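As a starting point, one isolated chain is supplied in structure tokens, in the form predicted on its own.
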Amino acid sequence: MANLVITIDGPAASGKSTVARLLAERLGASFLDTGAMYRAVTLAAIEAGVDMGDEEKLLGVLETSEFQFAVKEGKMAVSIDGVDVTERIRGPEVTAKARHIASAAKLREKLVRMQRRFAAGEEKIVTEGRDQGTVAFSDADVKFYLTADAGERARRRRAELRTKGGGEPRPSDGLGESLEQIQKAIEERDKSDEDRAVGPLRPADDAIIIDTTDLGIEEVVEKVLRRVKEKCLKRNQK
């Protein structure tokens, strides 16, 4: 296992992915984007024409496909059977169907093992997701849980869609074209994540909770970095 493991969990659009990536850069650590893993399996299942409600068939896709994950230029590069799908896993259909993989107990268990294997080969790692501090790395050195008001998260997601799409988000984006629809989709995702039987979304008991509603990304990164340094200093003094 890595000498330093930092987990950042939180709901959709709370800023965890961006903060985790920037924090990893500041610390000279590897960045593990667990969402990319779930999306990769989702894409493989879609392309195989598998029923997203059939856990055994989904498991078959995971076991018979070759997934490669590597950190390149601070981002998670993803390949399936030797084909780069880094951009394709961010598509609207994958976004809409990834919840099926996330709620499948057998797949989640195997993906957690993959995450731990990835971490075992790194000296320092910053990992983000929804169950990193509670399940995947329950003994992590420092744990964070980022949250934000649902309305603010919806505004962030709309801005993200505009940036990627070059204009207003469309219904085909999978999150609706209005701010209200985007917020509704986010709240539904929150409920699905919180209510699932395996790896539910919740802060670890020893997580540092940061509300990012009124904070810019750099402010959050600085706050997180400060707490990491404090924790590591205390650990080294023991």
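Counting begins at 1, following the sequence as shown. Here the structure is a predicted model, which is why all the values come from computation and not from measurement.
This next part talks about the form predicted together with cytidine-5'-monophosphate (C5P), which is not shown.
**OP:** Could you confirm whether residue 148 comes within 4.5 Å of cytidine-5'-monophosphate (C5P) in the predicted complex, counting heavy atoms only?
**Re:** Contact with cytidine-5'-monophosphate (C5P), no.
Original post:
So, in the predicted complex, is residue 85 in contact with cytidine-5'-monophosphate (C5P) at a 4.5 angstroms heavy atom limit?
Top reply: No, no contact at 4.5 Å.
Subject >> in the predicted complex, residue 90 touching cytidine-5'-monophosphate (C5P) (heavy atom, 4.5 Å) >> reply: Yes, residue 90 sits close enough to cytidine-5'-monophosphate (C5P) in the predicted complex that at least one of its heavy atoms falls within 4.5 Å.
Subject >> Heavy atom of residue 108 within 4.5 Å of cytidine-5'-monophosphate (C5P) in the predicted complex >> reply: Judged by the heavy-atom cut-off of 4.5 Å, residue 108 is in contact with cytidine-5'-monophosphate (C5P) in the predicted complex.
Original post:
Among 193-201, 58-66, 209-217, 43-51, which stretch has residues whose heavy atoms lie within 4.5 Å of cytidine-5'-monophosphate (C5P) in the predicted complex?
Top reply: The contacting stretch here is 193-201.
Subject >> Among the candidates 154, 125, 140, 102, the residue which, in the predicted complex, approaches cytidine-5'-monophosphate (C5P) to within 4.5 Å (heavy atoms) >> reply: Of the candidates 154, 125, 140, 102, 102 is the one lying within 4.5 Å of cytidine-5'-monophosphate (C5P) in the predicted complex.
Subject >> Residues in 9-35 with any heavy atom within 4.5 Å of cytidine-5'-monophosphate (C5P) in the predicted complex >> reply: Contacts from 9-35: 16, 34, 35.
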